[in-house]
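Here we start with a single chain on its own, the form predicted alone, put down as structure tokens.
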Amino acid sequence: MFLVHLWNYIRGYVIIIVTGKSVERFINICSKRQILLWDIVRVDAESATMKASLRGFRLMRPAAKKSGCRVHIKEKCGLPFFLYRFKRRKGFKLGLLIFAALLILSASIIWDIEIIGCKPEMIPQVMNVLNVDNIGRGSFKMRLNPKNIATKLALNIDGIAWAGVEIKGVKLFITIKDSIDAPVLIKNNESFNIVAERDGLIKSMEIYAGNPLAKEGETVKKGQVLVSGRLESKNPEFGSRDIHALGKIIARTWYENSQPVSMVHTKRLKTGEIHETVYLRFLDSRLKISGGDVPYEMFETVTVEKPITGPFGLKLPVGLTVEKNSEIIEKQVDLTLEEALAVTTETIKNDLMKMLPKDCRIVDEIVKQYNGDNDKVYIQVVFECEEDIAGLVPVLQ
């Protein structure tokens, strides 16, 4: 029903008053001649109001004459009559033309790019491939070929099994499917021993190929051969055969670090002074409209995006970006013993976390306090972990 009213408004219509003793006959004649009338309302015994299209109004003169009724226009409605009022206003015509051009232009460019299905660390690589061909927000849809874009993404980014590109409205959708890492291929002519990559206590062993030289519960040293790639035959006359040893050796390992406790700590404090820089953002471009350069030597920046939304919650490519820069100063503060111990412990833990391999799992941590030289207090932190310590070295001939 809404579309019908919209169509009638666009092509224009009139509200008419029909008077006479045969209003019903007038309506019947118009119906037979396919002259559309709607919203018919009886006013009294000899008059009624109704709506008709402009074409229908021009064709209803014979019907009025035959029925003996008179037809008067009560009101003219619709877009044609609205535009006629501004017939002599050149500025309005120019503004309307500019508005139409901007509307067509806005529907012809990409406003946003959405990347679906890939790992977060892969998104910059996808954007780099797009930037090489100057594809981004603001690109014209007509010059974009989704199939070519998908092919370039698949060829130029490692770890992509499939890429799909689709344009929906003013948005570019890129769907990425990550590939599965290929298994490590083992050549039959390669022979390796499995050795310990670090000291540890063996918790479990899964041997797929090779001769185990260690067992669960045994303490091993870094470089010690755990699984030999040389197989000795039970019959000495058959000699030995070298193979590629395979296995998974899970062991308890320990990572340790110590630092002296300092009663003085450098803190970064906010002074309360804030400098704001405001940018006008259009697509991926920014124009500074206020703020100037940040006057502080050290500062912390918080960025606030203020998008502008259109009707029905539509996100427009225009908005404001506000950067709030808080001044920071460094100040030496005296700590209590409890605070100093906590700060030193946290620092050591952060340093140890950077040393751990990716597959390492922490099962326990030990924090010790002891006195060193010159009665200086030290903190020692020990991480007890579980990890695969299996490493490969060639079998010596």
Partner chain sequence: MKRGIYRLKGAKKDKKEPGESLGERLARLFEIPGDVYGNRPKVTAIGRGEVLVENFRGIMDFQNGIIRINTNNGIIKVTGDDLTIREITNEEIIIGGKISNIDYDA
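A quick note: this is a predicted structure, and the numbers were derived from the prediction, not measured. Numbering follows the first chain given and starts at 1.
FYI, the form predicted in complex with the partner chain isn't displayed, but the following is about it.
Chemist: Can you check 40-48, 53-61, 347-355, 325-333 and let me know which stretch has heavy atoms within 4.5 Å of the partner chain in the predicted bound form?
Modeler: In the other structure, the partner sits against 40-48.
Chemist: With the partner chain left out of view, which of L337, L36, V367, I362 would have a heavy atom within 4.5 Å of it in the predicted bound form?
Modeler: None of the others qualify; the residue that does is L36.
Chemist: So in the predicted bound form, is the partner chain close enough to I27 to count as touching (4.5 Å, heavy atoms)?
Modeler: Yes.
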